[in-house]
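Coming up is one lone chain in structure tokens, specifically the form predicted alone.
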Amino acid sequence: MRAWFFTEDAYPYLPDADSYESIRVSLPNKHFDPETGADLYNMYLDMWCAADEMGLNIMNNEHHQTATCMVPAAPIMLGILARETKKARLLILGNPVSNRSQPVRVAEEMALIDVLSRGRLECGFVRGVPYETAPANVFPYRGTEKLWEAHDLIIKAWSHHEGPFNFEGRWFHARQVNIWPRPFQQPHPPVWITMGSAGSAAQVAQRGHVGAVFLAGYPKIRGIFDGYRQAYSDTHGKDMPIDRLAYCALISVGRTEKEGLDVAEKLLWYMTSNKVPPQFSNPPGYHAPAMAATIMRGNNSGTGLPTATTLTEQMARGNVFAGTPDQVYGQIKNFYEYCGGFGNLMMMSQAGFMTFEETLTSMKLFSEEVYPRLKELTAGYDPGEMQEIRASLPDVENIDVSALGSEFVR
């Protein structure tokens, strides 16, 4: 198991939510204080550097025109960390290449970071959430097609070393591509792609990339991971290595159960603050027609972060792991066995008003008392044995986990 410390670099000091329509896209930047922002940027960088010292890997991402994430250019933050850290793998998840007009520039930026870090980059590509299309001034439709075409151009730019080549696709056109520098890792850095369904998972598996899932929880994780495993086996003729799958959850580890749960309540800011109106969360053409119609009818299930939620519900869903080190390990182990195993844990361990001290306490407890046990767990991974364990557990896809009590969490 590889663990990746993650924070979205939020700016939480906002007026009452009733005073603005949306935290994304249209929130006036008069609410951003540059002095406070500078303090926060340095605090977040210090957290990532502390993760490196604790033996954790590092993950970052970017969003635009939002207080939920103050990083509109993740490569800049990762470039700083490439110089300031020594051991951690550096994951960007990711580059929203469907919304970028020049994939070659992404290839250049990532090659630079890979060389600067001496080969510690793990490069993720994402389609981008629906709120990103307005800030990027792009059409929302066919984002997946754009992602894979940009991916193909970037991979070729990284791995072609015999002088310029031309690229003519449906969405992107490039002439005389010949990037300098080329990547440190050969033929290129490891690639990650986010997945939200069995169908999207199959496309990632066919290419052998790491497939990453955010907050799918018990109801959806089996279908997505099973789609990846089946496609990987069909394409490559062998069982999928466990390091091909990744899951992201909110994680809070405390010295006592109360401490872990109290800090987890602060982590929920990541969900409860996400006030977004339909014109930004469901732009025409982003979702498939059936899903778009479902959203317009008022059912937002599976289409983004919930804004009305409780810690008990999110722990029951498998989106939050919180409590003492023993409890957090047990919760992760239960989820791991239920979904058939995964080799990467992306741990959002800071959000909202969580302090530097609270974050480092949780990270230290995780790195010292949870992480070693997770490494042992995955070291003994056997596909056949894991399948037997998983088969013995009931499928909760159709269970209303929001109705489950705290005994399910324990």
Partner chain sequence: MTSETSSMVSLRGVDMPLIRRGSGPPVLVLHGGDGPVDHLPFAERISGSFELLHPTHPGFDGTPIPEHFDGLQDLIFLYLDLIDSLDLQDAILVGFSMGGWLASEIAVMSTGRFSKLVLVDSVGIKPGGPFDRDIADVFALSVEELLQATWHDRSLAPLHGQMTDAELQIIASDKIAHGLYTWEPYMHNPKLRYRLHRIDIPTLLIWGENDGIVKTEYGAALRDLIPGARMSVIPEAGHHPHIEQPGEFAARFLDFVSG
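As the structure is a computational prediction, the values presented were derived from the model and not from experiment. Positions refer to the first chain, counted from 1.
Missing here is the form predicted in complex with the partner chain; even so, the following discussion is about that form.
Screening Gly208, Pro284, Pro187, Gly119 for any heavy atom within 4.5 Å of the partner chain in the predicted bound form leaves a single hit, Pro284. This chain appears without its partner; in the predicted bound form, the one residue of Gln279, Ser233, Ser197, Thr310 with a heavy atom within 4.5 Å of the partner chain is Gln279. The closest non-hydrogen atom of Val71 lies beyond 4.5 Å of the partner chain in the predicted bound form. By the criterion of a heavy atom within 4.5 Å, Pro289 is counted among the residues contacting the partner chain in the predicted bound form. Although the partner is absent here, Asn137 lies within 4.5 Å of the partner chain in the predicted bound form, judged by heavy atoms. Taking the partner from the other structure, the partner chain in the predicted bound form has a heavy atom within 4.5 Å of a heavy atom of Tyr141. The candidate spot formed by Glu84, Leu261 and Glu369 is out of contact with the partner chain in the predicted bound form: none of the three has a heavy atom within 4.5 Å. Judged by heavy atoms within 4.5 Å of the partner chain in the predicted bound form, the contact stretch among the candidates 141-149, 332-340, 310-318, 200-208 is 141-149.
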